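As a starting point, one isolated chain is supplied in structure tokens, in the form predicted on its own.
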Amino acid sequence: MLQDVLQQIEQRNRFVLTSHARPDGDAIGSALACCQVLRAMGKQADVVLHDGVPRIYRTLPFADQVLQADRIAGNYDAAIILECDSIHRTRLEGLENRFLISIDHHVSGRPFADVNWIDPHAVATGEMVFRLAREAGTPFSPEMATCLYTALMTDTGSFMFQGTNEHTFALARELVLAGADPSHCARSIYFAHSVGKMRLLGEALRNLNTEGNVGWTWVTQKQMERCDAKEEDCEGLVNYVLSIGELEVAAFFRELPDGRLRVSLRSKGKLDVAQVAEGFGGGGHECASGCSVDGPLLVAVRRVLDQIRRGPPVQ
């Protein structure tokens, strides 16, 4: 499928790149690096994201060039959608009648585009963009390496998630040799939190519950407002629950203004939370997934926990 993607890129000139709403490190890093690959191939390329670039990723090279919009407008020959399993999850209008190329590494990835390159064996979509750059023979700058190292670092949970292996570290080595600075990348992501996020963490920890090897917590819309927290401040809070020694699975529920709950799921490897998320129309990785569930809060918590308890182990 890599060759199919490269062939379609070579046949076209103007591209728009995007990823899922509320983008994470892999979505941002992959899109930024892929945009530079296209430009190095002599193509015109723009990155458009519904929610823009979260604060902790704004120091990445080229992040200031990302366009924030609700609709794709412009005479693009194709749209490349990275780390995303549908047009709907981009929350962007204007993609429906365009030629679509999907690049994704999720186990739950769906072939929704005209050309689909889905590789669940890749630890991050950034790895696939690295392979695309190598196959295209484009120059590999320190800036591109920094974007892809950030994608790799965040999507492997700082190289802690199951699936991290010798190939992961071989890729990290290639990116460092190409100019990525590991300590700088880590500081920008893990030591740049807002005061609002720290206050929100306090609220979440007050709501902490555990039962057996499962832990969960939540924040309400009122708590979000009281902490003056933004949507992006919820990212990573679930990992504090998972850090409890005896737990194998963690869930974080974020109440939305419309009463629905956004759910983040994490596992230490014994339970496949991707299949739990898929049961609610979501998806992701075996150890890191997400979905949305109808409220009210306590009903949503019960439904998700019931599914976790019935969930299949990692094969």
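What you see is a predicted model; the values in this text were computed from it and never measured. One rule holds for the numbers: they count along the sequence shown, beginning at 1.
Beyond the structure shown, there is the form predicted together with a small molecule, which is absent from this document and is the topic of what follows.
- With the small molecule left out of view, the stretch that reaches within 4.5 Å of it through heavy atoms in the predicted complex is, among 66-74, 262-270, 33-41, 51-59, 262-270.
- With the partner omitted from this view, the residue of D85, E203, E232, E127 that lies near the small molecule in the predicted complex is D85 [heavy atom within 4.5 Å].
- Among residues of the shown chain, R226 is not one whose heavy atoms approach the small molecule to within 4.5 Å in the predicted complex.
- At a distance threshold of 4.5 angstroms between non-hydrogen atoms, R110 is in contact with the small molecule in the predicted complex.
- When the small molecule is considered in the predicted complex, L247 lies well away from it, no heavy atom lying within 4.5 Å.
- By the criterion of a heavy atom within 4.5 Å, R89 is counted among the residues contacting the small molecule in the predicted complex.
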